[in-house]
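In the block that follows, a single chain appears as C-alpha cells, in the form predicted alone.
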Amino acid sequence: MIRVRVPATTANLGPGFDCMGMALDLWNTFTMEPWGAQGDVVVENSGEGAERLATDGTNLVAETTIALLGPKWEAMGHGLKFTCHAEVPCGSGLGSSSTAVVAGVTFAEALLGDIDRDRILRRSVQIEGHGDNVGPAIVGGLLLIMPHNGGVIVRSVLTEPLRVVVCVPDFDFPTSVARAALPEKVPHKDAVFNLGRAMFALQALRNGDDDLLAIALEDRIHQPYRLSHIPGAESVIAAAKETGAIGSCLSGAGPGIIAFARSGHDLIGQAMAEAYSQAGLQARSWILDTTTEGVTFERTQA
C-alpha cells in the first residue's frame, strides 16, 4: 500500500496570477493498493465532497495514475483500489483538484520506480496546465513558479508563519468557468499595476510588512472579472477588512476568499460568512496556518 498526503493551497495571492501560491495546513489523504483483476478500478471517498466524487476510473486520482502508467497498466496483472479522504473542500479555490493530480502522479511514480519530487512537479504542472496550486502542494511554503523551455522554474520564499481565514460559499464556480471569465487581453496600465503589486506582495509576505501587504494584494488581471460572477464576493472582501484583516483576495480562482490577519480570525470568518449570507449564499470558514511541508508519501503494509 502507498499512502500520500497533499496539502491545500491558495494560489495567485492577489496579483501573482498563475505564478505564486502557498501551502496551507489542511490535508487530503490518499492510499493505493492492489485490488481485483487486471483493469479493475475502485475508489472509496470520504470527507469533504465525497458524494460528488467518482468511484471508478474517472476519478481524477485514478485517472491520473492510470494515464501515466501507460503500458505498465496493461501488464500489471491486477487492478487498483484508491481510498481518498478529503479535508479540503471541493471547488473552493483551495486546490482540491490539485491534490488529486499530485497524488495520482505520485502513485504512478511509485509504481514505475523511484519517486522523484522534481519529476512529480514537472508532470503535475503538465497535467494541470499551470503550477501555482500543484507547486506549493508538492514543495510546501510560499512558492514562485513559472514555465521555461517545456519545464518549470520554482523558487521557495521563506516567510514567517502566517494564519489566514478562508471563507467558502456554497456556490458552484468551476475553474473552467473562472478561466472563461477572463479577457483575452488586458490594458497595459493594468499589467503594470499587477507587476508592481506582485513584487511588493512577495516582499510584504517575506518581511511581515502588514501595511505593504494591505496594498499589494490588489489585482486588475483576474479578480475584477471573477468577483462579478460570485454573488457577494466583493462584500466579503470588504467585510474581512472592516473586521480587522490586513488584506483579502480571491483564493485561487474562487469562489473562496482568503483573508490575512494577525488576530481576530474567528470574528473575521463570521463577518465573511455573514456577507455571503446577505447575498443569499451559505458559507463556511476555516482558520488555517501556512505550512512549509509539501506532499508526503510512504509505503506501508495493508
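Numbering starts at 1 and runs along the sequence shown. Remember, predicted model here, so these are calculated numbers, not experimental data.
As for the form predicted in complex with a small molecule, it is not shown, yet the points below apply to it.
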**Report entry** G252, heavy atom within 4.5 angstroms of the small molecule in the model of the complex
**Finding:** yes
Query raised in the report: Any of the heavy atoms of D18 lying within 4.5 Å of the small molecule in the model of the complex?
Result: yes
Query - Contact label in the model of the complex: T99 to the small molecule, heavy atom within 4.5 Å - result: no
Query raised in the report: So in the model of the complex, does any heavy atom of K81 sit within 4.5 Å of the small molecule?
Result: no
Query raised in the report: Heavy atoms within 4.5 Å of the small molecule in the model of the complex: which stretch among 159 to 167, 211 to 219, 195 to 203, 124 to 132?
Result: 124 to 132
Query - Heavy atom within 4.5 Å of the small molecule in the model of the complex - the one residue of R179, K72, R117, H229 that qualifies - result: R179
